[in-house]
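Here's a solo chain for you in structure tokens, the form predicted alone.
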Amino acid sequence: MQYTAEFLTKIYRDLYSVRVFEEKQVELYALGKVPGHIHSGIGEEGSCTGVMATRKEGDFVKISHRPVGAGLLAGTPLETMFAELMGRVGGNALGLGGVLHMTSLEKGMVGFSGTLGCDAPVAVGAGLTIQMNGTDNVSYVFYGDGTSNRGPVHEAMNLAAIWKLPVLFVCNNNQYAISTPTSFSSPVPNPGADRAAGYGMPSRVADGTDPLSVYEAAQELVDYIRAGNGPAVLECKMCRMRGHFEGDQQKYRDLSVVEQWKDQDCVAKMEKYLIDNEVLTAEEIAAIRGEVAAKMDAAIALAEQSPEPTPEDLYRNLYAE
């Protein structure tokens, strides 16, 4: 596939922005500025970046708990995301939802749940909204290899298939469901793609460490969905570089294997591609890195100016007003 320099530069900027958001998450958590746990998505940014590059105005997206930085690709303001992460009222849920409840419905980003898989039907409902409105939009559903074993996901896929809803199910296969390897929990090697046939859906498997590979596979399926053919499944394979949560000692896996996966880091691979194909120079890449880092720091500073919620805030947003 032929790409313009503008497209490739945007892909890289988006990819690196999600990476820095994930790194800042870890940093803020280590400084004690994040209530609760976080689930780092470092190493998994290639999937959401490639998929979201196929998105257009009017589409819906349901991200997952890893990487939550994917929310910025939907257009959610960085300061809003950091405020919610740090439990400040400037967040989308007044800081009361935290990292597992980032949403921005005005940007088409539906909410997601800390109970993994239970939110898949919500995104399918968004697909029903699209169908009833008669547009060619798509509802994107991100979930993990472990979540692919949960009943609500299969119910959502079944309903989407029966009603031919415009839904793209994106399975981020990072090899582990908390401490359980995929080979222990799934009877098929591709827990997302291999199960699509049971619902009459087409599927593709992409290299999740290569955002362009993901983009090409996603674009093929999205074109199929926008044409009115119903749902599809995309599985992206990558490695979870850090623990399930920060502080996870990861005694359940061989960390030398993780080190080997680091040679396939999506950001490093994209940078090499850009330089080798003379799209960007090392200096231009460094400039983009600096711009993104400065933008993140400014957003964090703005989020920290937002006050913490009060006990009275607990009673807000319980009912529609």
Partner chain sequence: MQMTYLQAIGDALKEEMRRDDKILIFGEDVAEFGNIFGVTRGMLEEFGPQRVRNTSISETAIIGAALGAAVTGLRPVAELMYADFTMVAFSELFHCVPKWRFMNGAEYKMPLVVRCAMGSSFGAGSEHSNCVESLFMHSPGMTIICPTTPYDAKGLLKSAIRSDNPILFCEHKQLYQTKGDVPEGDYTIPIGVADIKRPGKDVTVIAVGLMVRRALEAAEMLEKEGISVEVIDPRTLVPFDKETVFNSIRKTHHVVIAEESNKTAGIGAELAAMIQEEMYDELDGPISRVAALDIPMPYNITLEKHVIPDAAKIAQAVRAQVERWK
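Positions refer to the first chain, counted from 1. As the structure is a computational prediction, the values presented were derived from the model and not from experiment.
There is another form of the same protein, the form predicted in complex with its partner chain; it is not shown, and what comes next is about it.
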Which of A74, A177, V122, A196 has a heavy atom within 4.5 Å of its partner chain in the model of the complex? V122
Though its partner chain is not shown, can you say which of N190, S213, N137, T103 has a heavy atom within 4.5 Å of it in the model of the complex? T103
For its partner chain in the model of the complex, the stretch among 161-169, 214-222, 180-188, 141-149 with residues bearing a heavy atom within 4.5 Å is 161-169
Would F112 count as touching its partner chain in the model of the complex under a 4.5 Å heavy atom rule? yes
Partner proximity in the model of the complex: L78 to its partner chain, non-hydrogen atom cutoff 4.5 Å: no
Any of the heavy atoms of E155 lying within 4.5 Å of its partner chain in the model of the complex? yes
Does its partner chain get within 4.5 angstroms of any non-hydrogen atom of N229 in the model of the complex? no
Checking a candidate spot here: are Y29, F245 and T310 all in contact with its partner chain in the model of the complex (at least one heavy atom each within 4.5 Å)? no
Applying a 4.5 angstroms cut-off on non-hydrogen atoms, the residues of 127-153 near its partner chain in the model of the complex are L128, T129, Q131, M132, N133, P152
